[in-house]
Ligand SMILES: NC(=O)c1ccc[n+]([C@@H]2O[C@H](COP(=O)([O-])OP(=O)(O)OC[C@H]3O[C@@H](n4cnc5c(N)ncnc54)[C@H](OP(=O)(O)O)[C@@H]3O)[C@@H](O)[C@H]2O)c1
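A single chain comes next, written as structure tokens; it is the form predicted on its own.
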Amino acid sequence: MRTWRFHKAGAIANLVMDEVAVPRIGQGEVLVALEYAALNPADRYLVQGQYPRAGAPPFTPGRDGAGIIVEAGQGSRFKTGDKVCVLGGGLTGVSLPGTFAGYCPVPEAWLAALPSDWTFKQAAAGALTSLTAWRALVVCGNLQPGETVLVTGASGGVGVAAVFLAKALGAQVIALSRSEEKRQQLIALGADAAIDSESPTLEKEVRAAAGDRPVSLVVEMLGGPYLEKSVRMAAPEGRIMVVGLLADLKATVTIGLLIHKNIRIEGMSVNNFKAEEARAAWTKIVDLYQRNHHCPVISEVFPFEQVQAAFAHLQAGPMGKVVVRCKR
């Protein structure tokens, strides 16, 4: 089978396409013939050697995927021919072989049935991002209907999912993006306001958009200098869920503001889900998508041979997810 692997950690160019034997499943695993896989910034960090607990080279990354089960062990809750998606919060693509391949052995605890009205590419694009957003909003953020949510870096995969889910859960949503075109798209997706993240009057504009419902929850995708801005824009008793670091790895925060406003800053990762928690959350997420007649947003689909081009597109900051077609 074809698979994208890196033989040495480093630049994304180290990811090369190899021909290897179809893997065999282990205890508690099923073998999935992948139709589509989706890219995440974490995949790049893993290739670069910046991700904890990464598998030893040569290693196949890829945490998102959807396909058809071609082999299941005795007693499995799945059978050959079942259409499934990888929930992305386990070890697949981290320390176990990932989805940038024709076939992937996946722990069945981290699989879910393909949603009835979704395509394979939609399922590949939607699981990890939506679960990450759900954890930030609901599990860690304790979002309540009627609160105001600020999503920074809102045009990426997790940001778009957070905008949709927060709105579907009854929040007022303010989205930040540098691009005027993307801001218009975010409004169309349900954001109540979309503001230029590089505006010199950003804090003032966010407060004006929030009106009489100050920002109580921030989904912080950018990090770097935006963390301090998020602290300033959050209301007293506000919560800031730090999900990404697209702007910078390090940040400086005024401690006095944290104390005075009693702000809670929490780093969070989809990896902190237990498998049964992820499956329960996924059921609720899919229900929200279906009741609102919405599906995950896909920026572009690339052929399997063009994974390098797909990563370049991801690096450029597209609207929504970048997907590759795995099937020949």
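A residue's number is simply how far along the shown sequence it sits, counting from 1. Fair warning: this is a prediction, and the values are worked out from it, not measured in the lab.
Beyond what is shown, the protein has a form predicted together with this ligand; the following relates to that form.
Colleague: With this ligand left out of view, choose which of 230, 122, 177, 216 has a non-hydrogen atom within 4.5 angstroms of it in the predicted complex.
Modeller: Among 230, 122, 177, 216, a heavy atom within 4.5 Å of this ligand in the predicted complex occurs only for 177.
Colleague: Which of these residues, 83, 182, 167, 239, gets a heavy atom within 4.5 Å of this ligand in the predicted complex?
Modeller: Contact check passes for 182.
Colleague: Given that the partner is absent here, state which listed stretch (201-209, 100-108, 230-238, 150-158) has heavy atoms within 4.5 Å of this ligand in the predicted complex.
Modeller: This holds for exactly one stretch, 150-158.
Colleague: With the partner left out of view, is residue 90 within 4.5 angstroms of this ligand in the predicted complex by any non-hydrogen atom?
Modeller: Although this ligand is absent here, residue 90 would stay clear of it in the predicted complex, with no heavy atoms inside 4.5 Å.
Colleague: Can you tell me if residue 50 lies within 4.5 angstroms of this ligand in the predicted complex, counting non-hydrogen atoms only?
Modeller: Residue-level check for residue 50: no, no contact with this ligand.
Colleague: If you check in the predicted complex, is residue 226 within 4.5 Å of this ligand, heavy atoms only?
Modeller: Residue 226: yes, in contact with this ligand in the predicted complex.
Colleague: Even though this ligand is not shown here, does residue 270 get within 4.5 Å of it in the predicted complex, heavy atoms only?
Modeller: Close contact exists here: in the predicted complex, residue 270 approaches this ligand to within 4.5 Å, heavy atoms only.
Colleague: Looking at this ligand in the predicted complex, which residues in 290-328 have at least one heavy atom within 4.5 Å of it?
Modeller: The stretch touches the partner through 314, 317, 318, 320.
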